[in-house]
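The chain below stands alone and is given in structure tokens; this is the form predicted on its own.
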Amino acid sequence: MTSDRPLDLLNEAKNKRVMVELKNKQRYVGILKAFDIHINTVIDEAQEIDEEGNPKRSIGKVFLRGDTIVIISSQ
């Protein structure tokens, strides 16, 4: 399947593991459950990770505001 639009890429990543980096350099890893046109995002089984990629703490389900997100990467 080809992805011509950014939201198509997010649709392909739905229910898969993703890494999300925020403007403040915090990073979260978890299962992408939902997002909207503003890229407000819901991540389940979320873990905050440190700079080396090691888990810092488990959070569970988290809502990330789209205007704080810099990167969403599928794992």
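The numbering used is simple: start at 1 and walk along the sequence shown. Treat the numbers as computed from the prediction; the structure is a model and nothing was measured.
Beyond what is shown, the protein has a form predicted in complex with another copy of the chain; the following relates to that form.
The shortest heavy atom separation between V29 and another copy of the chain in the model of the complex exceeds 4.5 Å. In the model of the complex, another copy of the chain lies within 4.5 Å of some heavy atom of N40. The shortest heavy atom separation between K16 and another copy of the chain in the model of the complex exceeds 4.5 Å. Looking at P55, you'd find every heavy atom of it more than 4.5 angstroms from another copy of the chain in the model of the complex. Although another copy of the chain is not shown here, in the model of the complex the stretch 47-75 places heavy atoms of R57, I59, K61, V62, F63, L64, R65, G66, D67, T68, I69, V70, I71, I72, S73, S74 within 4.5 Å of it, in sequence order.
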